[in-house]
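This document starts with one chain, in the form predicted alone, laid out as structure tokens.
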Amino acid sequence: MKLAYVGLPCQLQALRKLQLFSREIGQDWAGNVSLTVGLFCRENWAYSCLRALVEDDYGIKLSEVEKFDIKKGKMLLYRSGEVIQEIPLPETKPYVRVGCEVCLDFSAELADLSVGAVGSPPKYSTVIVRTKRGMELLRKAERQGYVEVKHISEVKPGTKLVLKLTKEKRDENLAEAERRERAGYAARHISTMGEQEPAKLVAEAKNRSFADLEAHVIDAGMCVSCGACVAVASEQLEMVDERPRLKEGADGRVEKAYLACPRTSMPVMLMAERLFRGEDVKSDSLGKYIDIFAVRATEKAALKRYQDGGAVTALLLCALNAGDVDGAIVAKRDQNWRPIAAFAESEEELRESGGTLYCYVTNLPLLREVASR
């Protein structure tokens, strides 16, 4: 089965680590992903925190919110096409997931295609094409009428803001990681970014228990709730309130889950080297990529419904209808904005997943389930 995977930067890191260590983990289901779409991410909120912010602090029912957006330092809430509440972003900071505060990747540097609203005009998405596979899909979608494409140099504001947010996130979160390390909580995913010998990381994971995972990642505020550990060791672990937890009666030996976790180690440079081997790419603070474009879906309905031009949905529709993938791991929501991991294998299901969510959803266990069918 050929799958597309849509995720945040931390989720793409988890996926790539699963692919890198598939032999050592003894599971190759992550290899079924043949196309990755990464989403720009400055920070994210757990659903319980977003609900507390909107409903408890501002008295607005989530079921009454039609759309969220973030612009000019504010979180905007819409109903019937009109802004009903503006929340200054500084007021949302206490609700940001603590794991986000030590993430250094803004633009999903390990994806085939990275997509976000920053840098392009209204109703367009900025698309960073990182691999040949990604470029082939973008050009196919353009030829077949799914998307309209302009080079980023042809539009305003261009990449200036993308670069600014990339630097801000990296600088601020590096400082936070250093503060945590001084307090005794080492950011192992940062200290191992340049590691070139996978065997060292395998040895480090040997004989690790859940107590180690809990101490080094969960209680240290490093966990991103990607679910890699649960997906790898479902007989031992489960997700409860977005945290991995040891199942009742489990012995706690989670060596493979410890290795799979993107926060126990994260050899980003090694993964990038393997991902982009043979690719004709440039490299700068946005990572490695071929080129950058402003993209929007051509269907008028998509432009009205989706948040930033419908580029992700349009590209996935093209890939699905062309037979490039059999389906996609995506996120959708219920009427109260609760995020749900979903497998979309039809045009209707892909359209249902359209639009931006600002809450995290654990989706790697679903990927394993789908890939193992």
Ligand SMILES: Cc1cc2nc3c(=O)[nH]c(=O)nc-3n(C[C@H](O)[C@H](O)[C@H](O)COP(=O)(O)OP(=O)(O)OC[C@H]3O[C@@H](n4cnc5c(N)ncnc54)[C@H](O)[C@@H]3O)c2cc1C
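All residue numbers refer to positions in the sequence shown, first residue = 1. The model shown is predicted, which means the values in this text are computed figures rather than measured ones.
The same protein has a further form, the form predicted in complex with this ligand, not shown here; the description that follows concerns it.
Every residue of the trio G7, R42 and V115 has some heavy atom no more than 4.5 Å from this ligand in the model of the complex. At a distance threshold of 4.5 angstroms between non-hydrogen atoms, T313 is in contact with this ligand in the model of the complex. Interface membership of Y289, defined by any non-hydrogen atom within 4.5 Å of this ligand in the model of the complex, is ruled out. In the model of the complex, no heavy atom of P365 sits within 4.5 Å of this ligand.
When this ligand is considered in the model of the complex, S125 lines it closely, a heavy atom lying within 4.5 Å.
Contact with this ligand in the model of the complex, judged as any non-hydrogen atom within 4.5 angstroms, is confined among 27-35, 58-66, 318-326, 42-50 to 42-50.
For the stretch 350-373, the set of residues having any non-hydrogen atom within 4.5 angstroms of this ligand in the model of the complex comprises S353, G354, G355, T356, L357, Y358, C359, V361, in sequence order.
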